[in-house]
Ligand SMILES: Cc1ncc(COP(=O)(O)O)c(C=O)c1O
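Just the one chain here, the form predicted on its own, laid out as structure tokens.
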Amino acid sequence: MKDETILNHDEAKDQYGAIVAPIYQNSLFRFKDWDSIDKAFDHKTEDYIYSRLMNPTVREAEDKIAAICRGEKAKLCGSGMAAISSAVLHCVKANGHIVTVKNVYGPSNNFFNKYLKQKFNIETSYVEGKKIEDFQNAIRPNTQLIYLESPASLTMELQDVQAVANLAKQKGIKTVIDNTWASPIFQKPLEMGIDIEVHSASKYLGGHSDLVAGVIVSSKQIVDQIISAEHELLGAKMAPIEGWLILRSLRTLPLRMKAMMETTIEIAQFLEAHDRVKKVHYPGLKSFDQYELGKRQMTGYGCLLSFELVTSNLDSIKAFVNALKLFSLGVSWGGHDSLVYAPVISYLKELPKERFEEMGISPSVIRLSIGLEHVTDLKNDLNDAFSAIK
């Protein structure tokens, strides 16, 4: 079935035939006798014993996400970072080595560069990632994981997902990709050979800026191993109410992605032609240097873009951000509401100054998340804000 049908057709699974899955807001599940609970403990990645591991409401959402990602199984977590850290910890051991892209998401970078390095002596090599040779040259004898983020944060650089997956398989190295930007609607990395796909479900999958969640998608074997180890032992559970909210949001995911993509492309073209903008980073623009690669491995484009103002004067940058009326100032993205963020606010707090510079990010970079407002109103709001730049 097509994604739209998968997300909007439900088989009646409860005893009353409810058209919408009920919320099983319970912590545990009771059993009729000793033998039935004893049997459940032999299949605890499938049977319902305790909602920290498995819950029917959450499972309903997981099954739909796995289906549209073309994976065998999915596991929802309490946040995107819970999904990322669980997937990474599944793949690495002490004294190992990770290869990732230089513009990886800030908290992911901190997890690699600080937590794993200090706790487990795991080293990380950062590469540009635009050429397969970047990964080939970074691999060491103890490399255990190649971690992708395509497009990468802020600068939106792509990696050739299939080529990296093939290389990793030749070397016996696991691959994980953060596929949040493109969503499962526009990019399906598991079909290209990636081992594990992760998402911040707070973004498109949730879609309404009212929940925090993450998800891991892979083969049943890998997901079951993560459930029994990282997920259970580190407590990365998903609450039933949030699982239900994601289930609600998934029904409109294809429609929202299409509508936001159309608006975002028009906004990107508007920014590219504006005299107060130095450069626009968005794979949906034909001027983007990896446009052809994007067309080959994605069927559409996300709603997040960045651009560089012509000025690096902090007062002017602040004036632009503060002048926006329809774009709310906030850190997340992927919801129905348009947002603006200046990464310089937090990146220098989260990352060492040298890492910020290595990522090629200047203080003039502005990030926009395009929502479901009318494109004309958004362009007018941006135009008004540009006039605040002296």
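If you're wondering where the values come from, they're calculated on a predicted model, not measured in any experiment. For every residue, the number given is its place in the sequence shown, counted from 1.
Just so you know, the form predicted together with this ligand exists too; it's not on screen, but the next bit is about it.
Checking a candidate spot here: are Ser153, Thr180 and Trp333 all in contact with this ligand in the predicted bound form (at least one heavy atom each within 4.5 Å)? Yes, because Ser153, Thr180 and Trp333 each have a heavy atom that approaches this ligand to within 4.5 Å in the predicted bound form.
Contacting member of Arg256, Lys174, Lys188, Lys203, with respect to this ligand in the predicted bound form [4.5 Å, heavy atom]: For this set of options, the contacting one is Lys203.
Answer with one of Ala213, Leu158, Ile98, Ala168: the residue that has a non-hydrogen atom within 4.5 Å of this ligand in the predicted bound form. Flagged contact: Ala213.
Work out which of the listed stretches, 281 to 289, 77 to 85, 113 to 121, 235 to 243, brings a heavy atom within 4.5 angstroms of this ligand in the predicted bound form. So the stretch in question is 77 to 85.
Report whether the minimum heavy atom distance between Phe320 and this ligand in the predicted bound form is within 4.5 Å. Phe320: no, not in contact with this ligand in the predicted bound form.
So in the predicted bound form, does Glu230 come within 4.5 Å of this ligand, heavy atom to heavy atom? Outside the cut-off, so no.
Answer with yes or no whether Phe307 is in contact with this ligand in the predicted bound form, where contact means some heavy atom within 4.5 Å. Result no; Phe307 lies far from this ligand in the predicted bound form.
Taking this ligand as it sits in the predicted bound form, is Tyr105 near enough to touch it, meaning that at least one heavy atom pair lies within 4.5 angstroms? Yes - in the predicted bound form, heavy atoms of Tyr105 and this ligand come within 4.5 Å of each other.
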